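Quick heads-up: it's one chain on its own, the form predicted on its own, in structure tokens.
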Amino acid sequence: MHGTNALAEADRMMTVCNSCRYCEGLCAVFPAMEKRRIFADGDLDYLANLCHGCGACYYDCQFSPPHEFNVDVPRTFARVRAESYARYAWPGALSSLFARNGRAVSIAAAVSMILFLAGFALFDGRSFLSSHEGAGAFYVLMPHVAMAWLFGAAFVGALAALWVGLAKFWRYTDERSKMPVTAGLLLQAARDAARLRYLDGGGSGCMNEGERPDDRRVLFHHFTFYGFLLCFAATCVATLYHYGLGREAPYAWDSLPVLLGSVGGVGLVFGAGGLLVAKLRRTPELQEQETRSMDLVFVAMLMLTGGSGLTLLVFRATPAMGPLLAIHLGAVLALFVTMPYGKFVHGLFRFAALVRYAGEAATPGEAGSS
């Protein structure tokens, strides 16, 4: 017996796939599946998060719809993944946010922006719509200490929730094997994640709009991921500038924080925009409609964060700085607050699944759940 209908359906499909094994060369899911004879809930959560959704198995499978066996791995695993995010969420009382993620994130973003707009206007209405230049210009509208405490608390809270959720996922999917995590496994998983090794359909490419493969989703994922990392690096460098060198934002165009943030922001907008279009065009048979809004709102939030930051950079010395700063800070705060209860979680769970797969691949025989 399984905890949900999606897990039961995933078990049925993996049993069919295990008797066929035609798709074993497409990605990591099927070699990992072959190490098992029975599939506990934790095994299915692991396999679903190991799946990158390339869609190749759907078109290669002789049992995919309209066959009576109705094997649709991408769609079923998408549903299992979404359920796993909620299952391991912390605190558990907030797990229901995954079911209405699109609405929750939209409300959080709107409320955050409105509060910043109203707060800036009430704090100093004249300064809100005035031009400000030079070091410390941003802090005319909001003191640095208040900004640092607010976003520091939101970020630390998000990290704590993500870490506990990741730990719960690892424990539940490792109830039998008790695999030790080594530096070698982490390095291998990092290599696989950094180049999206299993989003290539076994080498031919990712399926998105029918049977013709291409590498666009891989490209857009790379722009999004590395753009996000560059934006985070820009924030870290700016923190060092402020506390280590006593230099206050906004910084010059040729400064390291601005250069990193500019390149990262462009990557976020281009990558997330491409993923948004790809998601809208994706073949219905390859996506789960119940999780579609969570996917769309996540990339839309990344686009909003990157786009609002770039717009603020361009118009920071004009009277538009106040409203643009409020919009950007509202977007960033909403992203932090909702991060543990949306699609961002998939990156952590998938990395954990890659670590487990690296360990299993190095161990001959069946996995511990057989």
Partner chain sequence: MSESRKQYDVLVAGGGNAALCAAISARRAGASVLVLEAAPKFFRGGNSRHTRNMRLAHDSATKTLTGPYTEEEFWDDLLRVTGGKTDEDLARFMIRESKEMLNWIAEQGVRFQPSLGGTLSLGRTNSFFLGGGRAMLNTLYRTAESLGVEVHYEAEIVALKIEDGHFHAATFTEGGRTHSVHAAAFVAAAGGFEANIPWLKEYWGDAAENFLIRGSPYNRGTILKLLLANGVQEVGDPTQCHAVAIDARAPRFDGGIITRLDCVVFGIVVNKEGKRFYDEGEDVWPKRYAIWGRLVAGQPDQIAYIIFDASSLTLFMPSLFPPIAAPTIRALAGELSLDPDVLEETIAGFNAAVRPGFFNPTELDDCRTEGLVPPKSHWARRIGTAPFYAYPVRPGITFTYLGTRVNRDARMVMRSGATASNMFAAGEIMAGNVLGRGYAAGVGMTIGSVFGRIAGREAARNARN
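Positions refer to the first chain, counted from 1. Just so it is clear, the model here is predicted, and its values are computed rather than measured.
Heads up, the form predicted in complex with the partner chain isn't pictured, but that's what we're talking about next.
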Exactly one residue in 211, 290, 215, 175 has a non-hydrogen atom within 4.5 Å of the partner chain in the model of the complex; which is it?
211
With a cut-off of 4.5 Å between heavy atoms, is residue 65 one of the residues that contacts the partner chain in the model of the complex?
yes
Find out whether any non-hydrogen atom of residue 16 is located within 4.5 angstroms of the partner chain in the model of the complex, and reply yes or no.
yes
Would residue 20 show up as a contact with the partner chain in the model of the complex if we use heavy atoms at 4.5 Å?
yes
Report yes if any heavy atom of residue 339 sits within 4.5 Å of a heavy atom of the partner chain in the model of the complex; otherwise report no.
no
Out of the stretches listed (302-310, 320-328, 340-348, 22-30), which one is close to the partner chain in the model of the complex, meaning heavy atoms within 4.5 Å?
22-30
For this chain shown on its own, do 165, 168 and 235 all sit within 4.5 Å of the partner chain in the model of the complex, going by heavy atoms?
no
Within 4.5 Å of the partner chain in the model of the complex: residues from 33-52 (heavy atom criterion):
34, 37
